[in-house]
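The form predicted on its own is given below as one chain in structure tokens.
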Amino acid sequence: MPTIRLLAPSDVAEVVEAVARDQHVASQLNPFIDAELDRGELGDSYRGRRAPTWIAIDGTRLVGHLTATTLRRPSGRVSAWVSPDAASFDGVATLGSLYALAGARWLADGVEDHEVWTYDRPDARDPWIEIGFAQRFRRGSLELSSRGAPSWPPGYRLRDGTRHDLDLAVHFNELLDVQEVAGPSFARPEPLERAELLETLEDPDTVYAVVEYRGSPVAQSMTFPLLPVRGAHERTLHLSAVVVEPSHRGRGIATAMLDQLAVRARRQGFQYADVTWRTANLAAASFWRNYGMTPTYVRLQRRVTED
């Protein structure tokens, strides 16, 4: 078994190289993961981290590391978030040894929600499942050039929404929650406050798209540039809050809406689109795969409570 200890300044270079190797392998296996990595910036982030970082040493060789960022949700619950560059391991035994110490520290700090974003492939994903994590979300990407011109059924048109559509956005987001709560998902998403929605609608980078049928709104989506994150290509548009009124589903409305937004995004210089969906929402999973999304990352969660 490897020796587990806290990160020392002299270990940072090895951790950075471990992250770089993992990201390079991921980019070779999946074209939607970018291999570019600023080693200097990543090294500085580890040197300046306040949160502890554990490393696994086998002899003189680093075989794993683990750290997390603590975030407080609007509900007040606190989560420990592990990003793809916050963990590396050579197998489930090493991961288990790292998590035994890291997870105990998070629990001692009152953090019961442990969240992991990792590459969506078995060797990166399955060891987390073996130590008690469960899949919750999947992220996927596509090239915008793969989508053609929109094909609208008669009577439908797309318009840009504004801050004055706040009540409409609230309605559609409540529809999204209804989908998430239904089985087999049985999720309990945190309600999105009106103030948060208004802030999103007023953001100049957000495009709020509304589909109308003979003057009545029947679908929506929100898009905005993906914030810079390691492993993500530049010029990526993030898609979110895509929902269609139940009585208008199955007519190709969501596909036409997204295709029209893809045409606009290409003109604005975007090359990729990115979206996240709940894995247990089978309708959403089927739609995004059929739309052409290639899975890139998976989010896993472990909520540690008393049995």
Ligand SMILES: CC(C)(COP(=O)(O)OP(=O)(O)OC[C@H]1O[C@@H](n2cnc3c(N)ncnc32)[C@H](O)[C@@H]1OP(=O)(O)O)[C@@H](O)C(=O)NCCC(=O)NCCS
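Just so we're clear, the structure is a prediction, and the values are computed from it rather than from any experiment. Start at 1 with the first residue shown and count on from there.
The discussion below concerns the form predicted together with this ligand, not included here.
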- Look at the candidate spot formed by S141, T206 and R230 and say whether this ligand comes within 4.5 Å of a heavy atom in all three of them in the model of the complex. no
- Message: How about G40 - does it come within 4.5 Å of this ligand in the model of the complex, if we only consider non-hydrogen atoms?
- Response: no
- Query: Is A284 one of the residues lying within 4.5 Å of this ligand in the model of the complex, judged by heavy atom distances?
  - Reply: yes
- Message: Check N30 for me: does it contact this ligand in the model of the complex (non-hydrogen atoms, 4.5 angstroms)?
- Response: no
- Message: Since only the chain is shown here, I'm wondering whether Y297 would be in contact with this ligand in the model of the complex (any heavy atom pair within 4.5 Å).
- Response: no
- Message: Within 4.5 angstroms, counting heavy atoms, which one of the listed stretches 54-62, 30-38, 264-272, 248-256 is next to this ligand in the model of the complex?
- Response: 248-256
- Query: Using a 4.5 Å cut on heavy atoms, which of L101, L176, L95, L192 is close to this ligand in the model of the complex?
  - Reply: L176
- Answer option from Q260, T67, T279, T276, heavy atom within 4.5 Å of this ligand in the model of the complex: T276
